[in-house]
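In structure tokens, the next block holds one chain alone, the form predicted alone.
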């Protein structure tokens, strides 16, 4: 039971999330009303709203969240796993189209699935992130496969894609897909429960969520400062984070790859990310991340690991396989266990940070301390 948030509108959001440094800039509070916007990697309150409760507070992934209620209402609870959330299967895939693979960060699975969903009429448009100037991404609405290919590469600063969904849902679009980080997938899941039924949130227009594995996101200003100090006159064409044993960020330039030690990168991680318990975007239809293969990173970077969570996700993957749009390979021995371990490690780290922040093992700030999964992890 939530006991702290007496104000469940803009005032509560300001006190419990924005001023507390817990905001992930997911965009859930933006484009719902005239009072909130997003600017340069931060939410901005344009004016004061005195409503006692509002969608900005109810949808925020960092206000009180009943994870068990979300699992029970949105997924088949019999298929739930404590480590990875709702689970129908784990696959290793990549786009069959070499052009899609070349344009993508890794295997091109997200682009392929979204393009298929567009072509089949499962969605009218997809909200994806577009790299803006100096690595500041923005959410955009893609309506064609070529729109998707142009935005295929990963962004390492959070794009407020839920804000773009909120805006797109006000238009004539009726079936929208969203590519979401774990915090964004959680916000969309909270919206789906319609916590304020008297308020039209257009959430029924959300037809597909493809989640992204995410360890953390970077603060835009700090990333920009880091890269400016390292790159000189080199023109940057992309970034990547290899597996943890490499302990580095790759900066792809027109003159080759420059590696920056994670010791220099990690101070730029968005502070709110240390309180995120979700590695694999558990509240999605399909979750996609980079692969781990015994052949090493140079081969693995061309593949994705994919967790299917819902019937919608299962049917989309099956259709992509039957059409020959995705290539599959056997999951290497031990991958399932490694992914479980990585996911649990993130959950435990988040719990530890939340307890340290609140000063009490009974207070997990935005999470329910009585949640059965969290209770198990807390021992």
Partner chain sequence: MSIIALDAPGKELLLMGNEAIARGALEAGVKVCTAYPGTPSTDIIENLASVAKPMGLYVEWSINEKVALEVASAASFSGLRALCAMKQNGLNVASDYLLSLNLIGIEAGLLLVTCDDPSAHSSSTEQDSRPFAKLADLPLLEPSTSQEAKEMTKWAFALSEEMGIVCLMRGVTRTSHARGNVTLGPLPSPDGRKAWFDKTRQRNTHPVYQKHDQLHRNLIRLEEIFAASPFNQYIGPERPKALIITCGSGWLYSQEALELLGLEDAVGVLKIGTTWPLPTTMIIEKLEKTPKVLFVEEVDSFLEGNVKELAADFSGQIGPKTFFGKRSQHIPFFGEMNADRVIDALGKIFQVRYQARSPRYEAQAAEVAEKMLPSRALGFCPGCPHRASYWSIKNALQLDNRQGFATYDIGCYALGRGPAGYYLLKTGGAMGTGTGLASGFGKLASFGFDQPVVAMCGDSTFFHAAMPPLVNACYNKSNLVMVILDNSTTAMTGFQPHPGVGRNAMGEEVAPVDIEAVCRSFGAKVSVTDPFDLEGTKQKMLQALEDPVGAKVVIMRRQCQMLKGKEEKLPYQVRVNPEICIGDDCGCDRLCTRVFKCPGLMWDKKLAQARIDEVICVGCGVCADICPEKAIIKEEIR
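Positions refer to the first chain, counted from 1. Everything quoted here is computed from the prediction, not taken from an experiment.
The form predicted in complex with the partner chain is left out here; the points below concern that form.
- With the partner chain left out of view, the stretch that reaches within 4.5 Å of it through heavy atoms in the predicted complex is, among 306-314, 46-54, 343-351, 64-72, 46-54.
- Three-residue candidate spot 32, 35 and 221; every residue lies within 4.5 angstroms of the partner chain in the predicted complex by at least one non-hydrogen atom.
- Shown alone here, residue 40 lies within 4.5 Å of the partner chain in the predicted complex, counting heavy atoms only.
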